[in-house]
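Have a look below at one chain only, the form predicted on its own, in C-alpha cells format.
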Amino acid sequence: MKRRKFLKSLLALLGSTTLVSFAYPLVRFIAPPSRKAEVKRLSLQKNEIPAGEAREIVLNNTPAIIINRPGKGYIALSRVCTHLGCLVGYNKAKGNLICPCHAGIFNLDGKVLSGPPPKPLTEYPLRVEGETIIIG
C-alpha cells in the first residue's frame, strides 16, 4: 500500500512538472511583455530638432525617438514595436512611424494605425523648459 501511494505521488509530481514546463513558455510567448516607462532624465536643445524632424536617442538602453510634430509640439516615444520588438522608423514624407518587420504603422502620437501591433508605442514623459527639452 505504501509503495502504491508513493508511486501515485511521484507520478503526480512528474506530471505537474511536465505541465508547468510546457505551459510557462507558451504563456510567455502569447502574452506581450509589459513595460513601464522608466526614464532617466535626458536633455536636448530645441534647435537640434526642427519642426517635422525627429531624432533617435537611447533611454535606459531602450531605443527611442523624439519627434517635433508641426502644430503639436514634441513627443518622445519608444522605437520598440509592441508586436515583436522590431525598431520602428520615422517616415517624414507620410508623417508616421513604420515597423519594417510586419508593416505595422503608428501615427505620430504612437497609436496603431494598421498592422499587427496590439498596443500603442510607449510614450515617455517630456517637458520643454525654455530652449531645452527634458525627457523624464
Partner chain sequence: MWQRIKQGLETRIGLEDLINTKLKSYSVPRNTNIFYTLGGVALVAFIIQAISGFFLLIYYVPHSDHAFRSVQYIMTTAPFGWLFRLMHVVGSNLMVAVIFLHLLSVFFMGSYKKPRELTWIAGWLMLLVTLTFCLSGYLLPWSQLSYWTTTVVTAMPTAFPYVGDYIANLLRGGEFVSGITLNRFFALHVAFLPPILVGLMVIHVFLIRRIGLSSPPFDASSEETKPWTEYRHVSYPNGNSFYPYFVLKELYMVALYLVVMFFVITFMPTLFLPEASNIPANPLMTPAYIKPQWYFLAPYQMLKLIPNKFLGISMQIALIGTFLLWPFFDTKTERNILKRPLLLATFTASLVLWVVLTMWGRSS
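Numbering follows the first chain given and starts at 1. These figures come from a predicted structure and were not determined experimentally.
If you look for the form predicted in complex with the partner chain, you will not find it shown, but the lines that follow are about it.
Next on the checklist: Between K72, H102, K94, R41, only one gets a heavy atom within 4.5 angstroms of the partner chain in the predicted complex; which residue is that?
Outcome noted: Checking each option against the partner chain in the predicted complex, the one that comes within 4.5 Å is H102.
Next on the checklist: Can you confirm whether I30, V58 and P63, the three residues that make up this candidate site, all sit within 4.5 Å of the partner chain in the predicted complex, judged by heavy atoms?
Outcome noted: Every residue of the candidate spot has a heavy atom within 4.5 Å of the partner chain in the predicted complex.
Next on the checklist: Against the partner chain in the predicted complex, would N68 count as a contact residue? Criterion: heavy atoms within 4.5 Å.
Outcome noted: No, N68 is distant from the partner.
Checklist entry - Is G85 one of the residues lying within 4.5 Å of the partner chain in the predicted complex, judged by heavy atom distances? => result Output for G85 is yes: heavy atoms within 4.5 Å of the partner chain.
Checklist entry - Hey, in the predicted complex, is P116 touching the partner chain, heavy atoms inside 4.5 Å? => result Answer yes; at least one heavy atom of P116 falls within 4.5 Å of the partner chain in the predicted complex.
Checklist entry - Though only this chain appears here, would A54 touch the partner chain in the predicted complex if you measure heavy atom gaps against 4.5 Å? => result Judged by the heavy-atom cut-off of 4.5 Å, A54 is well away from the partner chain in the predicted complex.
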